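First, one chain by itself: the form predicted on its own, in structure tokens.
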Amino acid sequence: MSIQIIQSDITTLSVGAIVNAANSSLLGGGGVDGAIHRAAGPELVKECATIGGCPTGEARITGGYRLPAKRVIHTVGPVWQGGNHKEPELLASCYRNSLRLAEENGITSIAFPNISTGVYGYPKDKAAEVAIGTVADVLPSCKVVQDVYFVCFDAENFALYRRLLQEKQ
């Protein structure tokens, strides 16, 4: 089992599943959500339209279509409202539920973006602590998932995640 931090475009990775930082409609949006929908092609939005959305903190799984990843796990992170509206618990739930779906679907490798840190305004340092802490706590109990990647698009998140993972090990 391993946790790795990489700086890359999540839509280019050949892994079992990439995680989409989705909105509750699952029908596409900006940031990583828009990039994943564009790269996957129109089949992804068609499948997402049959799901009926996804509440904050939960996750849903679809095909990967034109992506190198076989599957997409869509999770809806919390909008930052100062930290007193269960944001950390909801964000941790995104990671736990994504790992649960990966386990249930036989996915051995999963790549996470920096959930909620874009337009949802979650402070990058606080989000990274929740992400690393939750995955480090859950991964040892996983039987199927072996490799977890935190995929950082920008250098700031990359450095932050690397430092936090080194402190955790």
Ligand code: ADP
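As the structure is a prediction and not an experimental result, all values here were calculated from the model. A residue's number is simply how far along the shown sequence it sits, counting from 1.
As for the form predicted together with the ligand, it is not shown, yet the points below apply to it.
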* Asked: Within 4.5 Å of the ligand in the predicted complex, do we find a heavy atom from each of Ala17, Tyr95 and Ser98?
  -> no
* To do: Please check if Ala35 has a heavy atom lying within 4.5 Å of any heavy atom of the ligand in the predicted complex.
  => yes
* To do: Considering only heavy atoms, tell me if Tyr65 and the ligand come within 4.5 Å of each other in the predicted complex.
  => no
* Val144 within 4.5 Å of the ligand in the predicted complex, heavy atoms -> no
* Asked: Applying a 4.5 Å heavy atom distance criterion, does Gly118 contact the ligand in the predicted complex?
  -> yes
* Asked: Of 42-50, 55-63, 125-133, 110-118, which is the one stretch near the ligand in the predicted complex, taking non-hydrogen atoms within 4.5 angstroms as near?
  -> 110-118
* Taking heavy atoms and a 4.5 Å limit, what residues of 61-90 are near the ligand in the predicted complex? -> none
